[in-house]
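First, one chain by itself: the form predicted on its own, in structure tokens.
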């Protein structure tokens, strides 16, 4: 299959699907098209959390604030998967979660692209004009044959995005809010293992006190809690409410956790 992820909203993803459908009969799976706009770091986080659950596939991912500039384009092979994306770091966290070893390739869309890129690319919509036809071509050739496709060559240097690491202390941790999901849950980069032994107790996040619980419903409706999300990291939440508002924390903010 080919998966599609972007910050495009609607209707732009339909154009990418149309381009792919003209080139291959691959099954298409939408991951998300409402990724935070132009936020490569948050896009990379969500791809890292979702793509490993997909069977072997070609993943088309576009969060591309540098479209039309001299930023490059890549195909990153990760085991039986390949991620086609702008060279801005978007692909690497997911690729590394999928496979222990990844192999990046440069995608040359300005010359030497051969039969996969028939028309000149626009300067504003590379999702349609570059990445969609490239994903279709990789799918048709097969992930193992990426290096044989005209215009796709091994890359010696690519933009290497690394999600931030937390600092752990004896009585807490200092980290960062990686993302806020649609429920308002604040997902931090602090590993959930730090809460072992703290459940049924309380802790503070940036000075805001909350119960440490394993489930949302373990506190009364409207009450704050600190828990471990499905991603395995510490999460700041509210039962049937928004954790970002209750804790006053948004994506990219520093998160200081402390417990007794």
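If you're wondering where the values come from, they're calculated on a predicted model, not measured in any experiment. Positions refer to the first chain, counted from 1.
One more form of this protein should be noted, the form predicted in complex with another copy of the chain, which is absent from this view; the next part is about it.
Peer 1: Which of these residues, 194, 57, 210, 50, gets a heavy atom within 4.5 Å of another copy of the chain in the model of the complex?
Peer 2: By the 4.5 Å heavy-atom cutoff, the listed residue in contact is 50.
Peer 1: Scan 78, 130, 138, 187 and let me know which has any heavy atom within 4.5 Å of another copy of the chain in the model of the complex.
Peer 2: The residue in contact is 187.
Peer 1: Is there a heavy atom of residue 9 no more than 4.5 Å from a heavy atom of another copy of the chain in the model of the complex?
Peer 2: Yes - in the model of the complex, heavy atoms of residue 9 and another copy of the chain come within 4.5 Å of each other.
Peer 1: I'd like to check something about residue 220: if you look in the model of the complex, is any of its heavy atoms closer than or equal to 4.5 Å to a heavy atom of another copy of the chain?
Peer 2: No, residue 220 stays farther than 4.5 Å from another copy of the chain in the model of the complex.
Peer 1: According to a 4.5 angstroms non-hydrogen atom cut-off, is residue 25 in contact with another copy of the chain in the model of the complex?
Peer 2: Yes, residue 25 sits close enough to another copy of the chain in the model of the complex that at least one of its heavy atoms falls within 4.5 Å.
Peer 1: Please run the contact check for residue 230 against another copy of the chain in the model of the complex: heavy atoms, 4.5 angstroms, yes or no?
Peer 2: The answer is yes: residue 230 has a heavy atom within 4.5 Å of another copy of the chain.
Peer 1: Out of 130-160, which residues reach within 4.5 Å of another copy of the chain in the model of the complex, heavy atoms considered?
Peer 2: Residues within 4.5 Å: none in this stretch.
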